[in-house]
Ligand code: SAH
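What follows is one chain in structure tokens, specifically the form predicted on its own.
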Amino acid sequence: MTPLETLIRAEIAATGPMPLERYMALCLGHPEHGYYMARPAIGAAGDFTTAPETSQMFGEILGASLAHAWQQMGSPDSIRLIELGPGRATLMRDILRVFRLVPGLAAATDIHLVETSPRLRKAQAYRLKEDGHEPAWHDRIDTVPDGPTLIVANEFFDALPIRQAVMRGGQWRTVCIGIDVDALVFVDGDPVPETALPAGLIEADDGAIIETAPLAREIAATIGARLANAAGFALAIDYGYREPAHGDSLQALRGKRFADPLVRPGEADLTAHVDFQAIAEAARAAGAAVHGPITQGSYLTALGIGLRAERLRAAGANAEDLTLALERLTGAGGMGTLFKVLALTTPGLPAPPPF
């Protein structure tokens, strides 16, 4: 039994079955025993590899897109560059390398990282200091100072806690975590009010599951309000649905393999598919203009990742490595179709390429 499981069992014993949303928040973000607080999640030593860790080309394409957005804003002399969930700062380093090629942009950029993990903050500080950067850190995006903004969130929304409801006997009930002697188990909790259900889902087959992500919608609304109040551009890249596809998408990764999300809590990464429609609706309602989502493969291809690969080959990069990276980032068998790209802008700005 992990130390976190001991704490979870104690809370369940004291207050009753634990909603999945609370369980995910503890597993990922407990100050001492949470997955992102205590373990090297990303890269060769971690449980998963993100697109920036796959190839510098990914971050370079995003950097070019952000730089173009800055120019469309009129090249303000001060811009907040915000990354949500910056991991090991690999993506940020690649973006900033592109920014140095655009006259005036690097000098205008003020870096802000939204990161709650002390372990990851140390890694980010070390790697960005190597390049001469001194970012500011925040627990929440709403503490970043106002002003013109560029925002990137790559594989951020999928790790936010979700709520699940299951249909039992004609009634939706909250999915919770309970105790069955030697194991944590899923149990049915309290009835879910109709006002908390997605439209058109009052009825369903017995055993059907629906998911919502209140925190994801809250953050999307915060981004939308920010873009409505000052010139800005945001990119969200993640795996998930263009339109709601209800069902159980909760998954756990441990040792780069799928695992039971209720076994050894705190030692596995927990994620769920992102509902891009819900994020778009929340951002739009807060005042942002919405573009997409489109697939990651079509986005990267339209913005020239193939040409960038050719230039890297010509410069001496390993051709086989580049081919494999391209296939992973843009191919249907890799991240190209499952991952989507959503852009948000201040109303009145041109639609960003290639939307």
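If you're wondering where the values come from, they're calculated on a predicted model, not measured in any experiment. From 1 onward, residues are counted along the sequence shown.
We do not show the form predicted together with S-adenosyl-L-homocysteine (SAH), though everything after this point is about it.
Between 176-184, 96-104, 158-166, 246-254, the stretch whose residues reach within 4.5 angstroms of S-adenosyl-L-homocysteine (SAH) in the predicted bound form through a non-hydrogen atom is 158-166.
Taking the partner from elsewhere, residue 83 is found to have a heavy atom lying within 4.5 Å of S-adenosyl-L-homocysteine (SAH) in the predicted bound form.
Using a 4.5 angstroms threshold between heavy atoms, residue 120 counts as touching S-adenosyl-L-homocysteine (SAH) in the predicted bound form. At least one heavy atom of residue 115 is located within 4.5 Å of S-adenosyl-L-homocysteine (SAH) in the predicted bound form. A residue is said to contact a partner when one of its heavy atoms sits within 4.5 Å of a partner heavy atom; residue 36 meets this definition for S-adenosyl-L-homocysteine (SAH) in the predicted bound form. Of the residues given (265, 232, 87, 240), 87 alone sits with a heavy atom within 4.5 Å of S-adenosyl-L-homocysteine (SAH) in the predicted bound form. Contact annotation: of the candidates 301, 50, 295, 55, the single residue with a non-hydrogen atom within 4.5 angstroms of S-adenosyl-L-homocysteine (SAH) in the predicted bound form is 50.
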